[in-house]
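Here you get one chain, nothing else, as structure tokens; it is the form predicted on its own.
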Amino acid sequence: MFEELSTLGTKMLKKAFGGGDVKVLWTSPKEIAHGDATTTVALELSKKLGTKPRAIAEVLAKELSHHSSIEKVEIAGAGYVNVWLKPSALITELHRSRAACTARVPKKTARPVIVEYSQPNIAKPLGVHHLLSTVIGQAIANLHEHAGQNVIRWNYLGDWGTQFGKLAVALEKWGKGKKPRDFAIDELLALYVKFHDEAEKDPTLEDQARKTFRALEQGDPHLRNFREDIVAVTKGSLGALYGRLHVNFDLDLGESFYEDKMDAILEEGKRKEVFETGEGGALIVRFPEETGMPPYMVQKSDGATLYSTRDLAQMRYRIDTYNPEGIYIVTDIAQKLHFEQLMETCRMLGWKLPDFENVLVGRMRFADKKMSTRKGNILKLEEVLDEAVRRADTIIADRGDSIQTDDPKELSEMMGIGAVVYGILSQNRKMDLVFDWDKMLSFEGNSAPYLQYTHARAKSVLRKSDQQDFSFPKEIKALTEKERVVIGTLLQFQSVLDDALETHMPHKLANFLYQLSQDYNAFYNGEPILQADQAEERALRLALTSLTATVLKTGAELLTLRVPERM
């Protein structure tokens, strides 16, 4: 309907005021007193035409007032045009919101999009800071899939590099003869921390670690088996946490996968004179001065490869193997320069690239200190989730019979983990996040438990109705203000999904769900639903309740959250 009104208004204004760049765009007013939709086109067009905006608004309003779906048109202020749609037209539009709850089916021949996220290092437990890339990346992948795209969810594991040399040295010196597979992930972290503590006293340990990793690169069978064991221990730990977070991957090919694919990249770069010899014999890329970027090392002076070498091999592999439509890599802001250098190197090599975005997220830090795996002051994700669930347990116990659930344990898991995850997804991903227990685990206001409670409340109303069909009535004579508010918010669902997908900003969906929850609760408290005076009113309000529950559930699951039937 709004697209139709946009087309009609654009055509009419061009006819009335001549050609040119004219387009009528509608937005949802912040207040219901300003209608179901508003446009500022008259204000914008007046500057180009040298005509008073109100004169332009009057022409547009007159034309729109004759439209069969419009109940009222009003000019406000200097030239805002506000419209109210007839109830039947609004209900027709709501079918689009219901359709938006169903994922589109991708074409079998469609090129995939690759979304890479999480990217933990092997032999270290997930820290709470890993949540940023992990859940934001999962939400972005979910949005792409819901929109009907073939999605490859990719976890690029840090399963290669000098860290294995450090761990091998630590295991030999302080591992007490235990086999690598017998270590828990926390014990491996403790060995890694001990290595760095001891290396501050004995710098030769760093040289030993580099030599050990070099031997690993050269194929030492004992070290190869050691690495495989460490990877297996880590993946077991990761799988349990990812399951609790409703995070999943199609591939977990890490850095080691590109071991035999880097020589070809190095040879190509030298042949095309993109890679040149730098200080000490290292291979580097020098970028044009106008880029302002420093040189990019792709091979160390001792012949060892780097993260950059493996990323170039990965980019080449993904392009050749999948011919993707897009590659979106979710990392924190510290990786910004690396990916700028990576993409410029790819362009200098003459590679044909898909759509690419380094989806940047802010840093997470403690209020009083920095997180560092080397120092051991990492806040483990498992501990945070367990604490969140314990706090949810307490709330459920304190509220007694006011909490309705057949499975308190499942509900506390849903509430606790949801609170932590929503604390991240509800804020702009580009902003830094200071970890604060009370704020992160809040169950009030703009929080996952509030969304979960609203969904459960709506489902409770539907159960009490003893109905199975919640279709909208065919004839609706009038709408109350609170009904219009809920309808207006529901109508925004598809555009919010589109916006969150296009910008890779999941917080836009989270904010929408919070607004919908507020509007529905105001509607619930202000209008009788099951006890409505007329059958038409009851049917309409139950249909709005049903659609609200469906939209909340759909949106929450796109954000990796789960909502209960009872609460």
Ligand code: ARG
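Predicted, not measured: the structure shown is a model, and the values here were computed from it. Numbers for residues come from their place in the sequence shown, where the first is 1.
The next section is about a form of this same protein that is not shown, the form predicted in complex with the named molecule.
Not displayed here, the named molecule is approached by H130 to within 4.5 Å at the level of heavy atoms in the predicted bound form. None of the heavy atoms of S97 is located within 4.5 Å of the named molecule in the predicted bound form. Using a 4.5 angstroms threshold between heavy atoms, T331 counts as touching the named molecule in the predicted bound form. The closest heavy atom approach of F339 to the named molecule in the predicted bound form falls within 4.5 Å. Proximity to the named molecule in the predicted bound form, defined as a heavy atom within 4.5 Å, singles out one entry of Y242, Y80, Y307, W84, which is Y307.
For the options S412, T454, T234, Q314, the residue carrying a heavy atom within 4.5 angstroms of the named molecule in the predicted bound form is Q314.
Stretch-level contact analysis of 192-200, 113-121, 225-233, 345-353 against the named molecule in the predicted bound form, using heavy atoms and a 4.5 Å limit, identifies 113-121.
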